[in-house]
Every structure is written in structure tokens, then in C-alpha cells.
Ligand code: ADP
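Below, in C-alpha cells: the form predicted alone, a single chain.
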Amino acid sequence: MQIVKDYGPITGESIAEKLNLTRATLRPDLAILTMAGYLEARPRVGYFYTGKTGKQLFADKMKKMKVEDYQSIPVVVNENVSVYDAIVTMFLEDVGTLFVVDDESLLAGVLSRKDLLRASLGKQELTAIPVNIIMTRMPNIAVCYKDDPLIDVAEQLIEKQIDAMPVVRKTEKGYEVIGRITKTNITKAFVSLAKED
């Protein structure tokens, strides 16, 4: 890298010559440095130093990550199911957020653990209360799309202090839930990126 910094643009042959190596010996190393983003290669010109630090390259990769690559299957319930059934679903599916849909399968609301815990306090009959009474309703729900940058969704989760966001497809009548992004999805993406580097 220092040779490319000092003499760039410089051909692979010239780099090999300065290091007393063959071009074939250097080829894998130059390929790795180019793929990692430290160097750029231009045909018939040579290698250039990009000037980017490891931190900048890591940030660039994070900005290119899309929701669709890390989203998971959404867990949805109908707005007419009871609070009791929603609690059972949340427990069985091992999720912290349920997405509530109407009879046309369009996003109507969101249920968090806190919503269900709050509803279970007191002496209400949980099998008689529909979730549409306690859910957070549209339009007060943060949503994202499959082609949104994952970093933007992560910022929204932090800013709004929520655990999950529905990934939606806009239709003429409303939003169809096609996935979910959770803090766990974001963590998995972060870990996979770190391991890749």
C-alpha cells in the first residue's frame, strides 16, 4: 500500500519489481486490497490508493446494507383476536412485537410486550378484549421498505425507542406487511459485517 501511495498510479508489474517479487505472487494480495476498497485498479493505468481508512470502508459497507438482506418473517395477528391470544402468540413465536392486520391483511397496528403487559394488569378478562383496543394504530407506526438502507432503520429504532419495525409494501388500500426488522436483525447484520472484514 505504501508503494501505491508513493508512486500511484502504478502497474502491478512495477509494484512487483520494487518488491523483488513476481506479478503472480502479488496478484492475490492486490486483489484482496482492491476488493477491500483500499486500492482501486484501472485497466492500462494501474493501482491507486483510495485514501480510505478501515473505519471509512466499514462505514461504506454498512451504508450499502439493505433491509431485504436482513429482514425476518413477520408475526401478524388479526385486529379482532383477544389480548390473551396475542400474548400466547407472542410467547409461542418468541417475538417482542406483533403486527396487527385488518380483515384485508393490511397493517392496522402494532403490539409490543409493554402493550400486552399493561393490558394484563388489573382484573380485565383478557379473552374478551380485542387487541385493536390496546394496539398502537396507524398512522403512528414507523414502517420501512425492503430497499431502505439498514443503517437508516437502525437509527429509527433507536430514535423512536422501539424494538421492531414492519417491512411493508405500499398498496392502493394501505400497507401489506412483508417482513420485520428487529434489533436482533441489526445485531446479526453488524456481527456478519465484522466477521466478513
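Not measured: the values here are computed from a predicted model. Residues carry their position along the shown sequence, with the first being 1.
The protein also exists as the form predicted together with adenosine-5'-diphosphate (ADP); that form is not presented, and the subsequent description refers to it.
Three-residue candidate spot Pro74, Val95 and Asn185; no residue lies within 4.5 angstroms of adenosine-5'-diphosphate (ADP) in the model of the complex by any non-hydrogen atom.
Residue in contact with adenosine-5'-diphosphate (ADP) in the model of the complex (any heavy atom within 4.5 Å), chosen from Ala154, Ala164, Val67, Val168: Ala164.
Note that among 31 to 39, 168 to 176, 125 to 133, 141 to 149, the stretch whose heavy atoms approach adenosine-5'-diphosphate (ADP) to within 4.5 Å in the model of the complex is 141 to 149. adenosine-5'-diphosphate (ADP) in the model of the complex is approached by Ser112, whose closest heavy atom lies within 4.5 angstroms of it.
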